[in-house]
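Heads up, the chain below is alone and in the form predicted on its own; it's given as structure tokens.
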């Protein structure tokens, strides 16, 4: 199975800055067998960067899209409009759930729309600090996972990536604290057990599961060696050329 390193640039970089940064990345990152490098710039930068990117070295992801293919939805961008520009789309990121109010029903529709338009969804799930402290982690993970995959068949699950992203471990949150490998392993095991109950052992074993939450070069190696983890969703460190390329290099070494 591939190892995925996904850089989520969030609301950072202008179109020009994105282009310059991608140019520097492309010069630093070689073609790496079995390591898929993905960058997710803002929506404005997707079209120009799709002409600039070397898809042998890395792929593009959208940070979000709307679940309807067309219609009277002012300000939205559809998965159909993204088809051909991106290979992946991040869906259900904690910032969209907790800041922008997206619920499991909307996320479920977005996952289905991504698959319908031949874009691989990266479905993010994760509990808050409060939910964890009250012992609700397992319930939250199961609800978000099954809720997001409600319209996904066993056949189509092979086109989905799951990203475990505990809200309490994200560096942009006030109470953030790094997750330990043991904490991650426990939830990744739960994710695969839930997939097994719903889709069967083969699908559960073959579905890529990533970890995201304050990932940096200091902890990337430990996170990538957690049993069942197939890659990383990188936030702030993906904006710093040296740190992101270090993480990619660590993934290469761990994979080899």
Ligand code: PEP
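Residue numbers count along the first chain shown, from 1. A quick note: this is a predicted structure, and the numbers were derived from the prediction, not measured.
Just so you know, the form predicted in complex with phosphoenolpyruvate (PEP) exists too; it's not on screen, but the next bit is about it.
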Worksheet item: Out of 230, 194, 63, 214, which one falls within 4.5 Å of phosphoenolpyruvate (PEP) in the predicted bound form, going by heavy atoms?
Response: 214
Response to the item:
Residue within 4.5 Å of phosphoenolpyruvate (PEP) in the predicted bound form by heavy atom, from 127, 95, 87, 104, is 95
Item to complete: Examine residue 184 and determine whether its closest non-hydrogen atom to phosphoenolpyruvate (PEP) in the predicted bound form is within 4.5 angstroms.
Response: no
Discussion item. Even though the partner isn't displayed, in the predicted bound form is residue 248 close enough to phosphoenolpyruvate (PEP), meaning a heavy atom within 4.5 Å?
Written reply: no
Worksheet item: Closest heavy atom of residue 140 to phosphoenolpyruvate (PEP) in the predicted bound form, within 4.5 Å or not?
Response: no
Worksheet item: Should residue 170 be classed as touching phosphoenolpyruvate (PEP) in the predicted bound form when contacts are defined as heavy atoms within 4.5 Å?
Response: yes
Discussion item. Please pick out the stretch from 205-213, 221-229, 65-73, 37-45 that is in contact with phosphoenolpyruvate (PEP) in the predicted bound form, where contact means heavy atoms within 4.5 Å.
Written reply: 205-213
Discussion item. Can you list, in sequence order, the residues from 217-240 that come within 4.5 Å of phosphoenolpyruvate (PEP) in the predicted bound form, counting heavy atoms only?
Written reply: 233, 234, 235, 236
